[in-house]
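Before any questions on how it binds or moves, here is one chain, the form predicted alone, in structure tokens.
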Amino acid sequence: MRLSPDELIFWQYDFIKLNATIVYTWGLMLVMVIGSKTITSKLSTGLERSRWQNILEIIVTGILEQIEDVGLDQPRKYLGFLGTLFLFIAVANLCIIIPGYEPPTGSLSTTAALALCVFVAVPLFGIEEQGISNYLKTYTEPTIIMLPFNIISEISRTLALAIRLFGNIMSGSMIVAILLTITPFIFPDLMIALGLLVGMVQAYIFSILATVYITAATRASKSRSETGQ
């Protein structure tokens, strides 16, 4: 039993390894890029629309509503980043129905990379919204004494974001593998359905937490102006 797709090596030369995490991650990105290009190349503005366009519009509208509900006033501005995060994690987890496939989100390297994207994006969006001086001031609020604690908080929540997704996907895969080994004729369909549900929930949680972090970084100036500071 493998704990991570990192352990499945397809090709190796010296210290250079091509493992399942890299292969499946790039495969998913390729499929998503080609699929997006194909679907969006024939978009219709009339009443007659393809099934794929309807599905795409439902997904995009749902993501926009979630971003706005969390508190971001201009959801379309953040749609590209947050929507890509959600769709990548969701598709990576839903593909467990393909025999032989192992989700790259079960690798700590993948979840750490996704968390680092959020770690970099949060201050970028915050600086864009508030300006660099106002954004840096948020690290000294409510007093300068809180500066190291706010920095530690920023780093620790990034680690938590990576480990939460990795732990849930890895533990879910292990439970499914154990149950399928013990009772291969009773649990397969039930466990696959449970795995799909857990995968979608984790994609939702990861993207919502990223939205909350960005909202906190971009709304600080508004809070100060409302309180007259």
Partner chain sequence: MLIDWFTVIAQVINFLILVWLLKRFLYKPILNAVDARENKVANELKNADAKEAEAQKEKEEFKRKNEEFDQQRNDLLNKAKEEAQAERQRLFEDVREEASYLRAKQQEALRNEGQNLSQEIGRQTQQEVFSIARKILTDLTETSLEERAVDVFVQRLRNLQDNEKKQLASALSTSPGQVLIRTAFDLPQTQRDSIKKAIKETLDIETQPRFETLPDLVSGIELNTDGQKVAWSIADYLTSMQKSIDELLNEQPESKSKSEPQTKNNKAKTEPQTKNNKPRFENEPEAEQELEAETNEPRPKTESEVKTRPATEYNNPRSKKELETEQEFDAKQESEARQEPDAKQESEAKQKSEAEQMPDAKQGSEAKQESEVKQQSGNSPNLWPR
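Note that the coordinates shown come from a computational prediction; the quantities given were computed from them, not determined experimentally. Residue numbers count along the first chain shown, from 1.
Absent from the display: the form predicted together with its partner chain. The rest refers to it.
Contact annotation: of the candidates 180, 70, 192, 64, the single residue with a non-hydrogen atom within 4.5 angstroms of its partner chain in the predicted complex is 64. The contact with its partner chain in the predicted complex, taken as any heavy atom within 4.5 Å, belongs to 81 out of 81, 139, 101, 119. Using a 4.5 Å heavy atom cutoff, 36, 40 and 76 all lie near its partner chain in the predicted complex. Looking at residue 109, you'd find a heavy atom of it within 4.5 angstroms of its partner chain in the predicted complex. When its partner chain is considered in the predicted complex, residue 90 lies well away from it, no heavy atom lying within 4.5 Å. Shown alone here, residue 171 lies farther than 4.5 Å from its partner chain in the predicted complex, counting heavy atoms only. Using a 4.5 angstroms threshold between heavy atoms, residue 49 counts as touching its partner chain in the predicted complex. Listed stretches are 139-147, 93-101, 109-117, 126-134; the contact stretch with its partner chain in the predicted complex is 109-117, by a heavy atom cutoff of 4.5 Å. Looking at 122-147, no residue comes within 4.5 Å of its partner chain in the predicted complex, counting any heavy atom.
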